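One chain follows as C-alpha cells, the form predicted alone.
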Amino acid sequence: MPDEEVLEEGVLNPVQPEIQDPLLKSILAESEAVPAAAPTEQEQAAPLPDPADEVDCVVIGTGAGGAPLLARLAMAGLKVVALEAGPRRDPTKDYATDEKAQNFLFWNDERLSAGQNPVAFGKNNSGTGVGGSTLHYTAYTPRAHRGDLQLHTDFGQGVDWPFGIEELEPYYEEIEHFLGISGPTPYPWDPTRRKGYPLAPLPLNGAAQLMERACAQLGIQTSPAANAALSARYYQEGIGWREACTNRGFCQAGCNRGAKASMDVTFLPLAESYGAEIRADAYVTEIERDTTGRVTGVVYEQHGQTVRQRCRHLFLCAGAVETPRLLMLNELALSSGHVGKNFMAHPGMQVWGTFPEDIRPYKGIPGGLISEDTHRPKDADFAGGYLLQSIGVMPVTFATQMVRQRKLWGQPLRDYMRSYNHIAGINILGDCLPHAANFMELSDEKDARGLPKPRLHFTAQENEQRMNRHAEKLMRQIWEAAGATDIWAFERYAHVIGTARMGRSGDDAVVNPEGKAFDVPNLYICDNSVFPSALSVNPALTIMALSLRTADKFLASLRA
C-alpha cells in the first residue's frame, strides 16, 4: 500500500452544504429569526485574571493526565489553575442518547495523518472539554502487567520503563477505589493483589455472553472486565453519591448519568472543592520563559481575548498530539531530539460476525468481557502481547467502519445493516513498538487559528503485523465456535502514545522518571506521550496512576 496522507473526518471550519429540503429550510429560517438566548451561568466567561497574579502551578489539560494531579496539588494547599481547550458541559442536559449528537465531545480540529496505516483521530482517541478524552472513553481500566514495563529486558526489542510495576501498583489501587471500579475479585491474571475491586462486575452484554461461551469451548479463560462505571450506587469524595450504570451503552458518546468515572465527575470536582480553578475554552498558544530557561507563564485564547497567566511551575497534560505540538511551537524541551518521535498506536484488530440471536450491540457496557490469556502467547512470533475483549458498538460507528472495510454501498449496504441487531464483535488491544518511521511533525498547513497543523506518520511494522495475524486467526476461531456466519475483520489502531517519552537520560528521552523535563527546570509532562512503551492494555488507568505519582514526586521535591 503506498504511503498516503489522509484528512480527519471532523474539521474546525467545514464548508456548509446548501440545504435543499423546503421544510428544513423553513425551520432553520424560523430558528434564525428568534433572538439568541442569554448565556447560562455555566457559559458566562470568568473575569480575566490579574496579569501580575502568579500561581504555584498551571496545568494544561483536564483529562486522565491533568485531573488527578490537579486534585493532588490543590489538596496539598497549592494555588493551581487548569486550562482546558474545550468547554465545560452539563452531562445531565447536554448528553443526549443520540450517537451523532455527541460529536462535540471529540477533538475535531483537523489533524493530518500519514503513513501506510494512517491513524484516525477525533472520536477514535481524542476528546475536548472539561474532562478531556475521558468524556468519551469506554471506561475500560485493566492494569498494566509487570512485563509490559520491561519489553526490552524480555524480548530485546522496544524500551523498558525507567521503573517497575511496584511504582504504579499503589496508585492503581488508590484510583480503583476512588473511582469505584466494577470488576472481578480475585482478578484471574493477577490473583495476589492486596485489594479487590470495590464493586461487582457490570452485566455482560450480548457480545460478551457469546465470547464467554465460545472461549470456554476452546479452553480460553475469560472474566468480566474491570470498568470505570458503577455497578452500584457509590459515594464520591468532592461530589457526593454517584448513581449506578443503567446499561445505556453510550460510554463513547458521553454518560449523562455520572456512572462512568470521567474526570468531570471525579477528580475535577475534588480539585475544585480544595480551591483549584478550572478555566474552560482556554486554548494555550504560548509558553513564556525567562533568560535562564525557566517557564514563567502561559498565553491562551479565551472567548476572543488573549490572556496571560504567570506560574512558578507548568504541568503539560494535553495528550500525545497537543503536548508535543506545544513543545515544538514554543521550541521547548527539544534538546533530546525525541519530541514527536516514538509515536505508537495500539493494534486494535476487530472481528465481526452475524448471529441468529438478538444481540442488540448498542446495549450495555461496551467492553464487558476480557481475556488476558494472550498477554504472552506461547505460539507467538512477535514481541509483547495483547488482550481480548468483547465490544459493543453504536450503529453509525459500525456502519462507517464496515463501509470502509467491505466497500458496501446502496442496496447491499441497506440489506446488511438490517442485520445490525444480530451482529457482535470482539477485538484486541495490543503492544506496539516504537519505530523511526512513526512520528509527529508540524506541517506547513495552518489551522483556523493560524498555527501549523500536526501531521502524524504511522506504519505498522513487522511486529504489529504478526500480532494482527495471530489475533485475527484466534478471534475467527472464537466466533466460529460461537456460531457466527459472515465473519469479517477490520484492522484499526487506537490511542496515541509515546511522543515525549520518559527515561533515565536526556539523550534519548524528554522527561525523567518523575515526569520532569531534562532541559526545563520547572516543566513537567504527564499524559500518554511519556509512555516509553505502549502497554498491552488500555492506557487510561496507567495515565491516572502516573498523574498521581508525578504529583507526589513534585510535592516531595518541594518539601526537600
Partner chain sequence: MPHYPEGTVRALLATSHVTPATKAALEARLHASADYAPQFFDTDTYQLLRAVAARLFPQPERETPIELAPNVDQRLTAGRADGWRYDVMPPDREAYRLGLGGINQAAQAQFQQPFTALDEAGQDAVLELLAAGKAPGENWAQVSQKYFFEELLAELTESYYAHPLAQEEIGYVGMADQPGWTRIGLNQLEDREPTEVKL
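Positions refer to the first chain, counted from 1. Remember, it's a predicted structure, so these values are computed and weren't measured experimentally.
This next part talks about the form predicted in complex with the partner chain, which is not shown.
- Only one of L210, A484, L429, I391 comes within 4.5 Å of the partner chain in the model of the complex through a heavy atom, and that residue is L210.
- G364 is the sole member of G384, G129, G364, P347 with a non-hydrogen atom lying within 4.5 angstroms of the partner chain in the model of the complex.
- In the model of the complex, the partner chain sits within 4.5 Å of a heavy atom of G206.
- Among residues of the shown chain, R308 is not one whose heavy atoms approach the partner chain to within 4.5 Å in the model of the complex.
- Within 4.5 Å of any heavy atom of the partner chain in the model of the complex lies no heavy atom of E176.
- At the 4.5 Å threshold, heavy atoms of G275 stay clear of the partner chain in the model of the complex, well away from it.
- You can rule out all but one of 407-415, 323-331, 284-292, 133-141: in the model of the complex, only 407-415 has residues with a heavy atom within 4.5 Å of the partner chain.
- For the three residues A225, S231 and A540, a heavy atom within 4.5 Å of the partner chain turns up in the model of the complex in no case.
- In the model of the complex, the partner chain lies within 4.5 angstroms of at least one heavy atom of each of the following residues of 247-269: N247, R248, F250, N256, in sequence order.
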